[in-house]
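The chain below stands alone and is given in structure tokens; this is the form predicted on its own.
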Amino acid sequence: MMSETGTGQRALIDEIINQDLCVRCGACVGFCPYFSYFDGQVVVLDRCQASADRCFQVCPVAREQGTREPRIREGSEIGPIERVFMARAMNSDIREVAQYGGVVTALVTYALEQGLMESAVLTDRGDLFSPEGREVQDKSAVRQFSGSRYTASGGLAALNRAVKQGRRKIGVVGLPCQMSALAKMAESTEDPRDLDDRITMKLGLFCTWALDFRKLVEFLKKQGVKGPYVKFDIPPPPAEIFQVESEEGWTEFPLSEIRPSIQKGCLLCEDMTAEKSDISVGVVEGQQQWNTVIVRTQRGAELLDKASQDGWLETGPLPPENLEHLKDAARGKRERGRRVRDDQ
């Protein structure tokens, strides 16, 4: 354990932020009063004098770098599984605004309606600035947060604000790095907030990598694509394209032109399917109106069963070839992440 004054914050700055390895998960923002988040960047407001290293403990990249013992992974190539299948929202209005099958939007809306969540931490669409985490309590507002961003959002900063306000029964929607940070928060011996009691559901999103918002916007401006940006999409292989919807319509680029905007810290990540969540959700290759759903915990199973029984979700078996493709992709990301980490 670090004991010198300010060593935790200094390590986070020196080893993660200054090395351009920060993935902007938002875990340190608000958790430490000297970090803030603005327009796609974690900002250091002042130097901390505390002897604790809590901010460093919860950083998901620090663990992937080997500065903490790597977490134990259970189950198959895609982590712990209770069930895996495909599903989509029964409500066509939800499917129209969702990226694919609308499962996450449906589950969050249903949980808020039923009182299973008091609030949900989601990611807004961004406008003049980058997407950012928001706490949502009104079920009717959830659809405004539908769709994929493909850029970091600092979303866990909104969770830290909600916890400070005394909120309980919080649902969190986030990327694998954010699910890992949540697990580290809950495991931290120096965090007195009882997050296991406060967070009622963790909904993880499949992720290969996230883009640096500022780099992406700079690229798009050079290509003559002006904001505000309505929607981003990466169709399943073999398309190899990145699509952008702005007020002027759709534009697409080869993925090879987008890759320089990938966050450097994402290359260290070994988790594609958000293994630390209660429920993980992604696309079904070849059936883009459906989501792949991985149920990982009993409380995740209970929410899905209730939503399905009450007519919020339509479910079906995931084709075996889709599951194998998913395992191959997850295995590939894990191997790439390990190689990059070993080269650090």
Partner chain sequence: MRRAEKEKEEEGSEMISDREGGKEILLQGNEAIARGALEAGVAFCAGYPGNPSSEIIENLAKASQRLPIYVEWSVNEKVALEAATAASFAGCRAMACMKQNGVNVTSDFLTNLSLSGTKGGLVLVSCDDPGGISSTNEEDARWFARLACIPLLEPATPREALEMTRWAFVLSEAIENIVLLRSVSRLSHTRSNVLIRGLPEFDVKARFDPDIPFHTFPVVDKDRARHEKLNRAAHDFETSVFNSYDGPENPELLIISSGCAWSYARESVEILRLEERVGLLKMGTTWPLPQELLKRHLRQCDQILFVEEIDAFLEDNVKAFCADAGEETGTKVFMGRSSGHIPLCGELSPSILLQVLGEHFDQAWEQDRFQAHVNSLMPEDLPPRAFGFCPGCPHRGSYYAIKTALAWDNRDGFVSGDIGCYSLGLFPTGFNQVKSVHAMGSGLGLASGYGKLDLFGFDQPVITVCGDSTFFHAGLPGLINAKFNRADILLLILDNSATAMTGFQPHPGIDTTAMGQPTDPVDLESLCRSLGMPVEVADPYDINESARTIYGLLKQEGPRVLVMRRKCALVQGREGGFPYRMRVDPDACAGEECGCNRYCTRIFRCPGLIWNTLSKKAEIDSVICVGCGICADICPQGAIERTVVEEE
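What you see is a predicted model; the values in this text were computed from it and never measured. Residue numbers count along the first chain shown, from 1.
We do not show the form predicted in complex with its partner chain, though everything after this point is about it.
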Contact of Lys221 with its partner chain in the predicted bound form (heavy atom, 4.5 Å)
yes
Can Gln49 be called a contact residue for its partner chain in the predicted bound form at 4.5 Å between heavy atoms?
yes
Looking in the predicted bound form, any heavy atom of Phe129 within 4.5 Å of its partner chain?
yes
Answer for Val44 alone: is it within 4.5 Å of its partner chain in the predicted bound form, judged on heavy atom distances?
yes
Candidate stretches 309-317, 291-299, 27-35, 275-283 - the one whose heavy atoms come within 4.5 Å of its partner chain in the predicted bound form:
27-35
Single option in Arg259, Arg168, Lys226, Lys164 placed near its partner chain in the predicted bound form, where near means a heavy atom within 4.5 Å
Lys164
Within 324-344, which residues have a heavy atom closer than or equal to 4.5 Å from its partner chain in the predicted bound form?
none
